[in-house]
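Shown below, as structure tokens, is a lone chain in the form predicted alone; questions about how it binds or moves come after it.
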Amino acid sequence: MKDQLTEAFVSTKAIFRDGGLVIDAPAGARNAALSNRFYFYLMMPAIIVLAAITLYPFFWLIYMSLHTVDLGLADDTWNNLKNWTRLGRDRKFQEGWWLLLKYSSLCMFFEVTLGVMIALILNRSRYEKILVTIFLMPMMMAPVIAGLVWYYMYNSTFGWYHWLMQSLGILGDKSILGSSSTAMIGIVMVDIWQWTPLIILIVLAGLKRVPRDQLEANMVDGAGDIRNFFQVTLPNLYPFLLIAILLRFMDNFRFIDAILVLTGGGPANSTKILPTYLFDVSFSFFKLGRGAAIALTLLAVTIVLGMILVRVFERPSSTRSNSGGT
């Protein structure tokens, strides 16, 4: 027993000082770092849940795209890539891509432009907090409810917006949603109304991070407000604009709630963007194999366009940081 105590004291550098026992051991000996395996075990439940709700459906989607999956059939049958080869001959699939790009481009242009302008006006204004709260209210509304609200506002019988546009000579007797030439404008206006506040909120956060010393130094050099915005404010907003654009870009490629409520893809398929066509193929005609192929192409294009957006916004940021370092 005595030898064991002596060995323990030696290993921990135990010494007697002033009649008492003092343990002179390094901090690492008493608080050893936990192994990576321990942290892996802690994350294992979350990893299993994420894999169950993401990886399994993803591989099942690939499986369905290679088979004829029809609720009327008892078994899934291999179809020799017919779901994929048919996409090249599917006119509605091609028109859906064109309408999706048109819809997304219009939404992004007006939402980013209005969002930046309104954020600049609200920044450091006297009633900033109150106005931001008011502007955020449409964003808090469910897309289906927003679609229903605008559906009644567009109504050609009692809709206030229809009456206003008709009084201004913009519209005729038809509702804005009843004509194939104006229906796209109608759903774009709904998206702008509901999601421009998100751009405002993100840009406002970016404006708070713009260095005041850079603005003041540029003003000393004779720069006005417009020049100051393009030379100092806008370059500092690039990371925040990237976040805002990526969020809205992905939402435009996914969410069809308001479109289904407002037009359902009509009239004459003028608003049947690709996600709406995907919904019809999968859940109206129950052609799940074709729907899986369409969904995978949509996913692939979304990833590629997202990477391009990141590259576009990273380049000005890296150029600005390099010039600042030199």
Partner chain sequence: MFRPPVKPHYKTISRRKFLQLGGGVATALGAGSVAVGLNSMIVSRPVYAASSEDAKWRQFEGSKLVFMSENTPPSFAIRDNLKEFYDLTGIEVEILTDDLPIVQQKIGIDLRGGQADFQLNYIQDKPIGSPFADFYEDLTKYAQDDTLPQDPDGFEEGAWFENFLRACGEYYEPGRIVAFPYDCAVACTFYRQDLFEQLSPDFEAEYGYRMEFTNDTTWKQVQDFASFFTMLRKDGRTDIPYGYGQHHGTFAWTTHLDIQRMLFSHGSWTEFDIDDKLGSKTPGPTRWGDEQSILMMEKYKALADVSHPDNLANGTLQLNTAYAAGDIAMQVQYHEFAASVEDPSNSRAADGKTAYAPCPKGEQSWVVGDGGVVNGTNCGIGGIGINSAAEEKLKRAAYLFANWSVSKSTQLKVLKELGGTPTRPSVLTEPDVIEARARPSSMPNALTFDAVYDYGIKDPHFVLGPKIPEANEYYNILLTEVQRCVSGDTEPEEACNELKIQIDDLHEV
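Residue numbers count along the first chain shown, from 1. Quantities reported herein were computed from a predicted structural model and do not represent experimental measurements.
This protein has a second form, the form predicted in complex with its partner chain, left out of what is shown; the following refers to that one.
A.B. asks: Using a 4.5 Å heavy atom cut-off, which residue among 98, 127, 230, 158 comes into contact with its partner chain in the model of the complex?
C.D. replies: Among 98, 127, 230, 158, a heavy atom within 4.5 Å of its partner chain in the model of the complex occurs only for 158.
A.B. asks: Going by heavy atom distances of 4.5 angstroms or less, which of 66, 262, 278, 298 would be at the interface with its partner chain in the model of the complex?
C.D. replies: Contact check passes for 262.
A.B. asks: Is the gap between residue 206 and its partner chain in the model of the complex 4.5 Å or less for some heavy atom pair?
C.D. replies: Residue-level check for residue 206: no, no contact with its partner chain.
A.B. asks: Taking 4.5 angstroms as the cut-off for heavy atoms, does residue 105 touch its partner chain in the model of the complex?
C.D. replies: No.
A.B. asks: Can you tell me whether residue 44 touches its partner chain? I mean in the model of the complex, with a 4.5 angstroms heavy atom cut-off.
C.D. replies: No, no contact at 4.5 Å.
A.B. asks: Are any of the heavy atoms in residue 113 no more than 4.5 Å from a heavy atom of its partner chain in the model of the complex?
C.D. replies: So residue 113 does not count as contacting its partner chain.
A.B. asks: Based on heavy atom distances of 4.5 Å or less, which listed stretch (118 to 126, 213 to 221, 194 to 202, 80 to 88) is in contact with its partner chain in the model of the complex?
C.D. replies: Selected stretch: 80 to 88.
A.B. asks: Determine the residues of 173 to 201 with a heavy atom within 4.5 Å of its partner chain in the model of the complex and present them in sequence order; the list may be empty.
C.D. replies: Contacts from 173 to 201: 173, 174, 175, 177, 178, 180.
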